[in-house]
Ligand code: HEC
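The chain that follows stands alone, in the form predicted on its own, written as structure tokens.
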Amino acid sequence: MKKLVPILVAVAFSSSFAILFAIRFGSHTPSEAEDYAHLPKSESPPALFNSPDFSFRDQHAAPVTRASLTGQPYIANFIFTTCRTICPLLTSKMVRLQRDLPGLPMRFVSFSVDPEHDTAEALAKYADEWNPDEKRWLLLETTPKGLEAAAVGFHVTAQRTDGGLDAVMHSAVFMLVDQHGVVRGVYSSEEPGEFKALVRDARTLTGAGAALPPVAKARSGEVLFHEMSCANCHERPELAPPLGGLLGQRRTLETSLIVTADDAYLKEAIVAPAAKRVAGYPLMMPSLAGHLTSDELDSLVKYIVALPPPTSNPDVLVEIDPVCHMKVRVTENALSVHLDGGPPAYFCSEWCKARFTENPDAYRR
């Protein structure tokens, strides 16, 4: 009799899911990834549809197929490297997923939706800029026909545009695919609750258990700044406003209001970035509400406030941090590492210096 209990539970769950599915879609199967993303989430993610067959090269020019990915679950998204709107946010969240799911037997797969530009070499450079230490991350160089078939199979949009900010219009979802190649969940990239559900479901599929391990201690502002990939956007003036020397500066918002940057403004910008968007930037920063404790938020603001302003002195040499790509003023006290008798590498923080020292080959090309 005891053996029947799990079966009855599974049947009850499947019936409940089928009822909710029917309520939302009636007799029609969802046709778009965004429709699947609106399905109710459960701690036992159901099978939605089979992932399509594909054959592409990754950023190391190694072949990747549907068959080669079987055996381990993976999280997939769809991006292109020259995107100036949604893709930096998607990649930031993909990196955060990698750091929230450390050491688990799974993959992270980013399909390029721009086969004309995103060669394996371009994707390798993109991976180096965002998270070069992550060996589980595969960025796939697609072909026009292969991309078209994969997009249909994954129920996503990937269409070239006639103009505007970006070259491709595409779906902004994450997908969780199990070890058999079956899509078990589609998650909106814009909802914090969806992100948490994705982490939970990924842990479930890998056998790690849905509950997250307890955080050992509060992270410092320096660690948070780099773990949240802040520099990847704020060091690119076409994407986001610079943060160095921000305190006390006046900023013009999209509403034409002018605000002065202080601690309260920075805290609001971190947890509710849509409330006071700076004019002139296409990128919408993701909210970090729910990802930081109160003490961590204070530490992150304190770290940002202390960032030095961009140098205006032509006599001061400026180098690029090889880890986070921030600009570093080469002063007497600048952090640096000398390896193999070559030129020194300079760093914005001890965090970046430590990452480089642990694996310098990952950052030297």
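A quick note: this is a predicted structure, and the numbers were derived from the prediction, not measured. One-based numbering along the sequence shown. Basically, rigid core = biggest C-alpha set you can superpose within 1.5 Å across the two forms.
Unshown form predicted in complex with the ligand; subsequent notes refer to it.
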Problem - Listed range touching the ligand, judged in the predicted bound form by heavy atoms within 4.5 Å, from 136 to 144, 116 to 124, 263 to 271, 180 to 188 - result: 263 to 271
Practice task
For the three residues 94, 169 and 175, verify that every one has a non-hydrogen atom within 4.5 Å of the ligand in the predicted bound form; reply yes or no.
Solution key: no
Exercise for the section: May I ask you to check whether residue 300 falls inside a 4.5 Å heavy atom distance of the ligand in the predicted bound form? Expected result: yes
Handout entry: Contact test in the predicted bound form: residue 155 vs the ligand, heavy atoms, 4.5 Å
Key = no
Handout entry: Close approach of residue 286 to the ligand in the predicted bound form, 4.5 Å, heavy atom
Key = yes
Handout entry: Exercise: residue 160 in contact with the ligand in the predicted bound form, heavy atom 4.5 Å
Key = no
Completion exercise
The one option of 151, 246, 197, 101 with any heavy atom within 4.5 Å of the ligand in the predicted bound form is 246
Practice task
Let me know the one among 83, 205, 109, 240 whose heavy atoms come within 4.5 Å of the ligand in the predicted bound form, would you?
Solution key: 240
Handout entry: Within 4.5 Å of the ligand in the predicted bound form: residues from 226 to 244 (heavy atom criterion)
Key = 228, 229, 230, 233, 234, 239, 240, 241, 243
Practice task
Superpose the two forms on their rigid core, then report whether the C-alpha of residue 57 is displaced by 2 angstroms or more between this form and the one not shown.
Solution key: no
Handout entry: Yes/no, residue 69 Cα shift of 2 Å or more between this form and the one not shown with rigid core fixed
Key = no
Practice task
Indicate whether residue 326 shows a C-alpha shift of 2 Å or more between this form and the one not shown, with the rigid core used for the fit.
Solution key: yes
Handout entry: Cα separation of residue 326 and residue 266 in the predicted bound form versus here, shift of 3 Å or more
Key = farther
Problem - Cα-Cα shift for residue 329 and residue 283, closer or farther in the predicted bound form, minimum 3 Å - result: closer
